[in-house]
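Just one chain is shown here, as structure tokens, and it is the form predicted on its own.
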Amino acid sequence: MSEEQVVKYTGEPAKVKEVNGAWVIDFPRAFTHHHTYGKLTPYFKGLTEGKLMATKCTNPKCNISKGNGEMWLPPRADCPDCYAAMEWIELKQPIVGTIYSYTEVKRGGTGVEIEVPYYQIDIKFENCCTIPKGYLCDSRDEPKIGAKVTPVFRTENPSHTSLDISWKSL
């Protein structure tokens, strides 16, 4: 875990098996939950490699891709408009988003194994038709709407979940 990453993961990393290119995750809970990321495996695998992966529809007749080919983050395996398979794209460094909204979480829910309190943020990106959620690394300062953020990846001892990416203010 990088020194920049202040959000402390309190759980145990999930075990990963790869079956036909898709990750199958065993969550170490009171019972074993088998879950596959299926066609979304490139997103979670990318997080462990320090990459942020999104998808976009390449069907020129699709309403979503007309004109700008907007990306989806979190990714979608299939286009929600025309149902075509989406194309994977890697966001190039430096990755910069804007805080769209936020909330302070003082009591985390089941499965969100990070220390509380923390800030959950909604992040807006150019050319993105979604506003993904994330976690602010440093919970000591209240985030500001409109502030710029950049990702921090958990590449050492990853959890193999969405907790492998958090965001720091620029």
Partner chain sequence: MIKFGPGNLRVPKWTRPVYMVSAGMTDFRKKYPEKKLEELVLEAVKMCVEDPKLKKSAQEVRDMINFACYGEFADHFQDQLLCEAKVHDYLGLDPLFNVGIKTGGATGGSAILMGSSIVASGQANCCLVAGWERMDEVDTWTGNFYISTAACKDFETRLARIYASYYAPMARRFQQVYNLDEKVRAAVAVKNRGYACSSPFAQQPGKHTIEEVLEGPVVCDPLRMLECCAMSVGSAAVILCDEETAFKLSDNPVKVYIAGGSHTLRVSDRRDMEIPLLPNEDEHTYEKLYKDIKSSDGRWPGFESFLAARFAAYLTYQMAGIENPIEELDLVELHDAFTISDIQTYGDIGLTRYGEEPSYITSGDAYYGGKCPANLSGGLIGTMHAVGATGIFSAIEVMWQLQNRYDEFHGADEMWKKFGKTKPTDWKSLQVENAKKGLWVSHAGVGSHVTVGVLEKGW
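For clarity, every value in this text was computed on a predicted model and none was experimentally measured. Residue numbers count along the first chain shown, from 1. The term rigid core refers to the most C-alpha atoms you can superpose between the two forms while keeping them within 1.5 Å.
There is also a form predicted together with the partner chain; it is not shown, and the following applies to it.
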{"query": "Candidate site K45, G50 and K61: all three near the partner chain in the predicted complex by heavy atom within 4.5 Å", "finding": "no"}
{"query": "Contact label in the predicted complex: A14 to the partner chain, heavy atom within 4.5 Å", "finding": "no"}
{"query": "4.5 Å heavy atom contact, N20 to the partner chain in the predicted complex", "finding": "yes"}
{"query": "Partner proximity in the predicted complex: K133 to the partner chain, non-hydrogen atom cutoff 4.5 Å", "finding": "yes"}
{"query": "Q120: touches the partner chain in the predicted complex, heavy atom cutoff 4.5 angstroms", "finding": "yes"}
{"query": "Residues within stretch 73-92 having a non-hydrogen atom within 4.5 Å of the partner chain in the predicted complex", "finding": "P74, P75, R76, P80, D81"}
{"query": "Threshold 2 Å Cα movement between the shown form and the other one at N20, rigid core reference", "finding": "yes"}
